[in-house]
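Below sits a lone chain in structure tokens, taken as the form predicted alone.
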Amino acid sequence: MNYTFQYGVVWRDFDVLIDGALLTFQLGVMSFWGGALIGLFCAAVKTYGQRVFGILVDFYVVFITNTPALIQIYFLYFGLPEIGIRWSGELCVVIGLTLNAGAYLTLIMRAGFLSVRRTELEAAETIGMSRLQQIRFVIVPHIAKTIYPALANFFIVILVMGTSIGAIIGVDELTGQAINLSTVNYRWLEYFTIAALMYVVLTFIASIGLALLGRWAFRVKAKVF
């Protein structure tokens, strides 16, 4: 093996990789929090809504969780233009990952809803809280403490594995930038080694941020990694 590593080539393009990493982080954050809102709404509908709406939620969850995220994003990026709807690659990634995350987070948050003790809800009803007030002031804080570690781990999955799908449709996130640069000078090992390390750094930063947020907002002793 006579391969000579030349990381100086990567260093010259490091600012481009940084831009890709920032876009990766932005896509991950938007997709996760959008999915979290969908998951919270669908879990509430499934738990407290009418049966017909619960069936619609079940259909959404089953469909999304049993099809690959890549297929969903391909449908948005390549399928919708056939009927005159064109979105940018970044928007397709965000919408696709948001819908995907929403389905999985519905299952996670549904477990959180079911973990709320009946006595807590009865106490809320006694003091005159509406259903929405119960969700906001009783249920959400409870499930945040109960399932926060699972939510934090899911964010890491979206950030690391989900956003990289965008490279396939030309989104210049971290993986996409590594592919673009390595096709110019063929230093594949160098670029993807650095990209992998940057993903580790992104994961570490996200993990620390989520742990601090959990301890500050929900008093959850979330672990880093």
Partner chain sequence: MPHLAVEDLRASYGALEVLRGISFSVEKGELVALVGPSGSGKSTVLRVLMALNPPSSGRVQIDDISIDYGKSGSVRAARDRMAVVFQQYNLFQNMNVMDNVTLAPRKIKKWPVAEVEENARALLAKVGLTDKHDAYPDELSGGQQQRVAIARALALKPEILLLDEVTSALDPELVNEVLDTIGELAADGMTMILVSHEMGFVREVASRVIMMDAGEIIETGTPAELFDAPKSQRAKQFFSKVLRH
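Residue numbers count along the first chain shown, from 1. None of the values given here were measured: they were computed from a predicted structure.
The discussion below concerns the form predicted in complex with its partner chain, not included here.
Contact between residue 117 and its partner chain in the model of the complex is found at the 4.5 Å heavy atom cutoff. A residue is said to contact a partner when one of its heavy atoms sits within 4.5 Å of a partner heavy atom; residue 88 fails this definition for its partner chain in the model of the complex, lying far away. The closest heavy atom approach of residue 129 to its partner chain in the model of the complex falls within 4.5 Å.
Its partner chain is not drawn, but in the model of the complex it has a heavy atom within 4.5 Å of residue 124.
With the partner omitted here, the residue from 138, 103, 147, 95 that has a non-hydrogen atom within 4.5 angstroms of its partner chain in the model of the complex is 138. Contacts to its partner chain in the model of the complex (heavy atom within 4.5 Å) from stretch 80 to 96: none.
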